[in-house]
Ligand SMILES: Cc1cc2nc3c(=O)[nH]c(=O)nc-3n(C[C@H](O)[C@H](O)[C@H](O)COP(=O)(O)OP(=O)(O)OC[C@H]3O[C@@H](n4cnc5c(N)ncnc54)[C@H](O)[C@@H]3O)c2cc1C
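Quick heads-up: it's one chain on its own, the form predicted on its own, in structure tokens.
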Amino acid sequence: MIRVSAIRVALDTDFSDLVVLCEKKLKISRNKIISVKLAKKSVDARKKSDVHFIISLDIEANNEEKIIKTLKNASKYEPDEYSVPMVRKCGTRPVIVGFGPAGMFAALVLAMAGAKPIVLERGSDVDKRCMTVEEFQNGGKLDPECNVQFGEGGAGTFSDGKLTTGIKDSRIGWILCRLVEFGAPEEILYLAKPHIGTDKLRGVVKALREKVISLGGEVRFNSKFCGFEAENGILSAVSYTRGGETFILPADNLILATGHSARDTFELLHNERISLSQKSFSLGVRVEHLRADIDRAMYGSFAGHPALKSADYKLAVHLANGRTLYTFCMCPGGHVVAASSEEGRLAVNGMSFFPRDAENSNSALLVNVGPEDYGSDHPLAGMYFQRDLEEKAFIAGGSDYSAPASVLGDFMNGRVSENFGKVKPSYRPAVKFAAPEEYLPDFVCQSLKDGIKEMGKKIEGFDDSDTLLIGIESRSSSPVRIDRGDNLQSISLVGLYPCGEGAGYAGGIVSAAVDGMKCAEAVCRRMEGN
């Protein structure tokens, strides 16, 4: 097979017949082509007067070596292949705590391997979870066990379902193919910045769960991990609560994939003398603009072209104070959502549905923070630092889960906002005007002021005075790492596999899924005695 990269094509290109495209653009005769597949597609908007697509094609053809010599940016290509390990010695069933991306793919691999895993998820199945979250966003009571952070699919279920990642791993292609198998749009296999959308992701996670169950696995919802038993430093059992009762499962292998918001689990592990360490994370706000303004800023006169989706962006600026301000989890045509998981503490996140056609576009706008900011060498100091700021944000928002909001022009001039401009907040249940200084450290506020000015030089209108800042964005990643060795097991307990974003080993849906697979493979090796 040949991969031909960096092919420039117009926005009006017809992708329905790729053989014709090969004939026109690459001058490869139709009778030489056996098959052709779109491998990658991205938008090149560096020149606003000349927005176009850049694509890569995977071509199977006769006389491939000759074709490679005649084409620029062509090379031999062999797709990555992944083989699920098999478990022949099925003893005690492995346990997985958490059914977010890491836990889901750990469960899928173990189920396909024949290990019949048991998954414990503290939240509800996705259908009940959606109803609970909707009730909270309409002004109802927060459920600390089932919310935007906890429940089937993890925090990713109420995000944009973004599948971009900075890692390179042979498992990624397999993950994307499985997501398509379970209902994700096929375009995630070739788009440079793929996303599923919160609406479609809900069906995907249900289908994945049904596959795990069909292979002999179990998923137990509303089942909260509450401890473990060990003999001579080796895991022997896991305990969990459900419906007011405590249950104990024999367990030799436990994949702990709880996510970055399972703070009570971090405290439990610390009390049980499991080695933890501090970890840097990031802190800031959600920034909201009109989607149409971002589209025009990114695409110029091509904004609104039917072949273009809502525009996204990625920015980072290094500041004189030594900090970096950067955008993260950008949601074109999306909403800012209530992401609290603890009573009396407030957090926000962003999400988009698959069409990305809501009035506003939003992104996290974050400043790096680290152990030097925590004021303590306690391994959970970063978590307590997060909690303190979330409590301040809760109070600044009126102590009813309204989010503190500020119009950028007022923030820049040291005023508390009194009126919205052209950008209206998408956050529910409500927002309350409050200065970011009420809940963010001074160095974060100053970094926002300095950095937004610089970002306005890169994207026209980014620093428009009507831009909204909604806080607090504090759950970008885990402030804690559960220390593990090269065998992926905890350095404190044999049989415990800290996994995914919450354990400090991933940063997003795809990298968490990859880490879940790695831990599942390690469990398979141990079950086989290797």
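When you see a residue number, it is the position in the sequence shown, counting from 1. Just so it is clear, the model here is predicted, and its values are computed rather than measured.
As for the form predicted in complex with the named molecule, it is not shown, yet the points below apply to it.
Undergrad: Does any heavy atom of Thr258 come within 4.5 Å of a heavy atom of the named molecule in the predicted bound form?
TA: Within the cut-off, so yes.
Undergrad: Gly471 versus the named molecule, in the predicted bound form: is there a non-hydrogen atom within 4.5 Å?
TA: So Gly471 does not count as contacting the named molecule.
Undergrad: Within 4.5 Å, heavy atoms only: does Ser402 come near the named molecule in the predicted bound form?
TA: No - in the predicted bound form, heavy atoms of Ser402 and the named molecule never come within 4.5 Å of each other.
Undergrad: Please determine whether Ile509 contacts the named molecule in the predicted bound form, using a 4.5 Å cut-off between heavy atoms.
TA: Yes.
Undergrad: I need the one stretch from 294-302, 423-431, 372-380, 144-152 whose residues put non-hydrogen atoms within 4.5 angstroms of the named molecule in the predicted bound form.
TA: Only one stretch passes the 4.5 Å heavy-atom test: 144-152.
Undergrad: Given that the named molecule is left out here, which of Ile175, Ala262, Ala115, Val95 has a heavy atom within 4.5 Å of it in the predicted bound form?
TA: If I apply the 4.5 Å criterion carefully, the residue I get is Ala262.
Undergrad: Which pick from Val337, Leu208, Val367, Val109 sits with a heavy atom within 4.5 Å of the named molecule in the predicted bound form?
TA: By the 4.5 Å criterion, the partner-contacting residue is Val337.
Undergrad: Can you work out whether the named molecule is within 4.5 angstroms of a heavy atom in all three of Gly100, Asp160 and Phe225 in the predicted bound form?
TA: Looking in the predicted bound form, the three residues Gly100, Asp160 and Phe225 all sit within 4.5 Å of the named molecule (heavy atoms).
Undergrad: Within 107-126, which residues have a heavy atom closer than or equal to 4.5 Å from the named molecule in the predicted bound form?
TA: Leu120, Glu121, Arg122, Gly123 sit within 4.5 Å of the partner.
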